[in-house]
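Shown next as structure tokens: one chain only, the form predicted on its own.
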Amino acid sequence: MDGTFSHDVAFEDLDEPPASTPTFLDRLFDQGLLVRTGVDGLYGRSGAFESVVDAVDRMISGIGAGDGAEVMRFPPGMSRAVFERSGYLKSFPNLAGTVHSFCGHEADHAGLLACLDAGEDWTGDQAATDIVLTPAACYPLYPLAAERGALPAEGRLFDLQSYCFRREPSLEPTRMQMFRMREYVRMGSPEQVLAFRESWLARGEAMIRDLRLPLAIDVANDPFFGRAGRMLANNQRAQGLKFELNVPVNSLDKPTACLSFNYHQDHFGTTWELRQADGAVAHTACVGFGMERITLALLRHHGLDLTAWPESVRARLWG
């Protein structure tokens, strides 16, 4: 886990071309794999793109099939009250997205229409609802698990997926504002959850190697906000709480985290009063898969024509 990329894949075309030639994002648009919406980081996906996402999803399911995880799928919105209690706003206020709606009366509606006709701001009568956009697939899970009472002695394991939102508009195709996250979440004792994370570090590396992608696993930190966030990030790295599996997609200098392996210690256990069978606060860990990022890595390294991909990769994805 020294951050050195490994695999027999050429890197010559990974640096962005001169301004006169199309970028990787331009080529994805030109090929119809991604569809412009007029907002950076918010894209439609073609059937070909989705076929890769679906194949990667099946591959992940196959790897974890023998573990007995409980499957849950969440919508892209979650409870505002749960979101506030989770502590997300303390660490990532700049990434959060809320859902607002018109809450006025008929006269207010007339004012809204007048603003629209005049090309002026029409959002003044919008107010926050009890829904926020889901920032990570696991956030809605913890209070639901806590409501069940103490964990069994063997702990619990969940298989999750959700569309997620993070407000960081970018022209890097790997940095989408709305994207899918697949997760396995382990709850139990420190020993149980750390063993889970170590297992998935090995599984994740094997998975990406099977797809013939270059990779490096390195210690990492979450993008905590502000001056206090820098201290949190340093502590997270020093304790080895987060690892990322990186694949160069946009360039060699800025590899993309396609998988993350996170040990939350007792943060969510304390927040949600989640207990082990013996009454001790539960610890949690997760492995997260960026579904669009893995798909983009495959397209970058194997080409935009799926039929021309290496036979071993096609066999691994589609059988």
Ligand code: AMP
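The first residue of the shown sequence is 1; numbering continues from there. Just so you know, these numbers come straight off a predicted model, no measurement behind them.
In what follows, reference is made to the form predicted in complex with adenosine monophosphate, a form of this protein that is not presented.
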TL;DR on 147-155, 165-173, 107-115, 70-78: the one with heavy atoms within 4.5 Å of adenosine monophosphate in the predicted complex is 165-173
If we test each of Ala285, Cys258, Leu274, Val56 for a heavy atom within 4.5 Å of adenosine monophosphate in the predicted complex, the one that passes is Cys258
Answer key, adenosine monophosphate contact in the predicted complex at 4.5 Å (heavy atoms) among Leu215, Leu241, Met181, Met207: the residue is Met181
Complete contact of Thr98, Asp130 and Pro140 with adenosine monophosphate in the predicted complex (any heavy atom, 4.5 Å)
no
query = Would Asp222 sit within 4.5 Å of adenosine monophosphate in the predicted complex, counting heavy atoms only?
reply = yes
Looking in the predicted complex, any heavy atom of Asn262 within 4.5 Å of adenosine monophosphate? yes
Gly290: heavy atom within 4.5 Å of adenosine monophosphate in the predicted complex? yes
